[in-house]
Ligand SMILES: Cc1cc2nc3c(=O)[nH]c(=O)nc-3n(C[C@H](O)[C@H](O)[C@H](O)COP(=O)(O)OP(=O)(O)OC[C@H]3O[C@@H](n4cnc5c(N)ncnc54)[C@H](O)[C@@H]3O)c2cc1C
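For reference, the chain that follows is the form predicted on its own, supplied as structure tokens.
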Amino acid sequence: MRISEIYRPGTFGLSIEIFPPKTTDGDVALFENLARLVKYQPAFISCTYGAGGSTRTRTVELCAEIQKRFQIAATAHFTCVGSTSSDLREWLSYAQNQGISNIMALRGDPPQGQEQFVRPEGGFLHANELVSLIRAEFPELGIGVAGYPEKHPGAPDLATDMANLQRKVAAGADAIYTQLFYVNENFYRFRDECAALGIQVPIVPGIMPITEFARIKRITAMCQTVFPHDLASRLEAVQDDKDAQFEIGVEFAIEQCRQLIEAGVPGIHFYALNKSNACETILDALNYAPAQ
């Protein structure tokens, strides 16, 4: 199923994001967890693209294997990092030939050792250029792009960031998938700002359930994500108790998702971190049943 076909009126698009494991044991564990998650019939499972393009082939291989094993669409992440336009075309052809029908088109983070993203020689500087290439030369592919309810860390201000998002959508993106956030009001404000700019594609909130406080502190610091003080205090109080952290984090995510669904979001994109327990608990608590 292509992204453009997922978010029809009256439907809800669940999606799950995973990353390429680094070991054979990691692969085994990933597919065991995916086997538990596919019972919720996600519209697609997406696979990230390693820093600097380090997993560019593996990302496609995992997506192809997911589609083969589970008969569920997979979405391959793809970035502009370290690639010429010819490299990008070659990878896109490879992905399409492997049966991949959706691409998450991203600029990517600056390569290690660089503070600012620099246009690769013969390549692209912005994600909208990658979206334009896909839409013009690979029109059969669905295209997702990233959105930042609390501003991209590299953007000088929110207005610049929103203008960048508007260009990605104008270039042909089918849907926006947001960075993780823990304050729903910031997502609602972002959604309103998109509407004011005339952005009409589905805006899907990205949710990362908290299962380990130390890990989420690192991630939110890197992404400059607003983290509620009262939630941080509760997690600080149980920082030596992993089970309690999981319980508090998942309880928060259940209520966060419930409020988002009541606010009419077209779907939810879970950052699952290759584990199934948190997502299963959340979806069961929400009495989630996929549309038939």
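The first residue of the shown sequence is 1; numbering continues from there. Given the structure is predicted, the values throughout are model-derived calculations rather than measurements.
The next section is about a form of this same protein that is not shown, the form predicted in complex with the ligand.
**Q** May I ask you to check whether Thr48 falls inside a 4.5 Å heavy atom distance of the ligand in the predicted complex?
**A** Thr48: yes, in contact with the ligand in the predicted complex.
**Q** Examine Leu92 and determine whether its closest non-hydrogen atom to the ligand in the predicted complex is within 4.5 angstroms.
**A** No, no contact at 4.5 Å.
**Q** Is the gap between Gly154 and the ligand in the predicted complex 4.5 Å or less for some heavy atom pair?
**A** Yes.
**Q** Should Gly108 be classed as touching the ligand in the predicted complex when contacts are defined as heavy atoms within 4.5 Å?
**A** Taking the distances in the predicted complex, the answer for Gly108 is yes, it comes within 4.5 Å of the ligand.
**Q** Mind telling me which stretch in 132-140, 99-107, 209-217, 190-198 gets its heavy atoms within 4.5 Å of the ligand in the predicted complex?
**A** This holds for exactly one stretch, 99-107.
**Q** Identify, from the list Ile203, Val169, Ala73, Ala146, the residue with a heavy atom within 4.5 Å of the ligand in the predicted complex.
**A** Result of the distance check: Ala146.
**Q** Going by heavy atoms, what in 183-216 lies within 4.5 angstroms of the ligand in the predicted complex?
**A** Heavy-atom contacts to the ligand in the predicted complex: nothing from 183-216.
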